[in-house]
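Starting off, we have a lone chain in the form predicted on its own, written out as structure tokens.
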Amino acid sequence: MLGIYVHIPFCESKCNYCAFASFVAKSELQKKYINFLLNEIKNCPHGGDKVDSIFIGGGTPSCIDKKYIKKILEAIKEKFDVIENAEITIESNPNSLNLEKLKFYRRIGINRLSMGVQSLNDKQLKQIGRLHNKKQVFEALKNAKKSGFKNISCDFLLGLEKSNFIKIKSMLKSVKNKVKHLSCYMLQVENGTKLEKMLQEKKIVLPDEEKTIKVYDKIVKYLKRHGFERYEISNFAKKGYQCLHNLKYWTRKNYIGFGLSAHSLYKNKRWANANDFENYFKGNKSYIETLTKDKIIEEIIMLGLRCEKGFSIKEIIKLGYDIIKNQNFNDYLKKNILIRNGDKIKINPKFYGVNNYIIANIL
């Protein structure tokens, strides 16, 4: 079945580490954008497909008028065959949530809440440009529960200044019984961000990568002891609460993205909308690509090795590539860096911290 992604590119302010297509914009631009977005959904040539996941991401979808969220869901349900009990997620920031808004989201069918927490240390939050504080996180979690949300996810950043395992463990401990899903991402310093400038001017000092990887490894073990199984490098869930929509990205299922810079994969064709308003409003794409067999093979290996389940050797061979003849692949198997279980190949969890290096060598 199909997944639908909707990009809301608006935020109350841009975080210091953010390199996504997100903007602080006036209500006139927001209104124009939503109207164009609704037409984009209405005119999609793939209408009628069954849909089992909708993900409203950003940006900060929870910062725009809630009536726009309702209109977006109505447009999707009018155009596509959204199944009963489909997973419908909205991304949010704690400071842009209140009880009334959360109850409204539940009434219109949203059943999964993804909250960008990043840290529960107020000094760290201020340093990376977040608008919320620790108190607002727990207020939002309490209101989400009152509103009937059972499927709640929180994002955390690893590698912030003065962060270590003890501090992060304390944060996770305080939310682990309130959520079903956790995402723990390594902080990336992207070109052109405020964070990059802060580092260059020595206004901030971040722990080195090796130290952050060691913290990550300890977090994985801690979360597993408390019922959160890692199913993708950065994602952990209690049984039955894996993010169905994000799994579509990692297992190459069909999904269609609407909105600025949104990406799509449909029957081995990839495309992305323009990432600036001028070109997006003209209906331009930043790229359109029909995937070759080689590209499909690369994607299966790369995405599969990010996930706990790995990838299928038979699937790769069926596509015309005998991976058994790959020297680096065989070396990694001998060294137990890769693990083979029947037809499946996955990365030894001990080496998840250097997965990009392993994948690059195989490809």
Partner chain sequence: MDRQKRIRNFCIVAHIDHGKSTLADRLIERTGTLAKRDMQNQLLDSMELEREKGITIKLTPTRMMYNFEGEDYELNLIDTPGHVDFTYEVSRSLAACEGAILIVDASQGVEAQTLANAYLALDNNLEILPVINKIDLPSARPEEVKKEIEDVVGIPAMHAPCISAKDGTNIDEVLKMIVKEFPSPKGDENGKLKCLIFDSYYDNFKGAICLIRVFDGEVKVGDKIKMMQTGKVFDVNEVGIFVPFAKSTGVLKAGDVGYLACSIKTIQDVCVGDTITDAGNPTDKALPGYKKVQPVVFCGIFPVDGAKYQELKDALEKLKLNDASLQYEPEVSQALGFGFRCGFLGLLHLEIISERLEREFNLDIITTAPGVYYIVHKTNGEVLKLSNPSSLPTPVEIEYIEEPMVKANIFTPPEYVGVIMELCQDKRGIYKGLTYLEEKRVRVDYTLPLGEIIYDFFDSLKSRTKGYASFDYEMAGFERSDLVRVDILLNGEKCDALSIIVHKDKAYSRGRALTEKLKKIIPRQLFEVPIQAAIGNKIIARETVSAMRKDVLAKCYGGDITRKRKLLEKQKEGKKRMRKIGSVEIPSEAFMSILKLDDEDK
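Treat the numbers as computed from the prediction; the structure is a model and nothing was measured. Positions refer to the first chain, counted from 1.
As for the form predicted together with its partner chain, it is not shown, yet the points below apply to it.
*Asks:* Quick one: which of 208-216, 161-169, 193-201, 81-89 gets within 4.5 Å of its partner chain in the predicted bound form, going by heavy atoms?
*Replies:* Partner-contacting stretch among the options: 208-216.
*Asks:* From the list 289, 100, 229, 276, which entry has a heavy atom within 4.5 Å of its partner chain in the predicted bound form?
*Replies:* None of the others qualify; the residue that does is 289.
*Asks:* Considering non-hydrogen atoms and a 4.5 Å limit, which listed residue (313, 41, 303, 34) is close to its partner chain in the predicted bound form?
*Replies:* Exactly one residue meets the criterion: 303.
*Asks:* Though only this chain appears here, would residue 65 touch its partner chain in the predicted bound form if you measure heavy atom gaps against 4.5 Å?
*Replies:* Although its partner chain is absent here, residue 65 would stay clear of it in the predicted bound form, with no heavy atoms inside 4.5 Å.
*Asks:* Could you tell me if residue 270 has a non-hydrogen atom within 4.5 Å of its partner chain in the predicted bound form?
*Replies:* It does: once its partner chain is placed as it appears in the predicted bound form, residue 270 has a heavy atom within 4.5 Å of it.
*Asks:* Would residue 244 sit within 4.5 Å of its partner chain in the predicted bound form, counting heavy atoms only?
*Replies:* Because no heavy atom of residue 244 falls inside 4.5 Å of its partner chain in the predicted bound form, the answer is no.
*Asks:* Does the 4.5 Å heavy atom contact test between residue 358 and its partner chain in the predicted bound form come out positive?
*Replies:* Within the cut-off, so yes.
*Asks:* Decide yes or no: are 75, 107 and 254 jointly within 4.5 Å of its partner chain in the predicted bound form, with each residue judged by its heavy atoms?
*Replies:* Negative, none of the three is within 4.5 Å.
*Asks:* For the heavy atom contacts within 4.5 Å of its partner chain in the predicted bound form, list the residues of 45-77 involved, in sequence order.
*Replies:* Contacts from 45-77: just 58.
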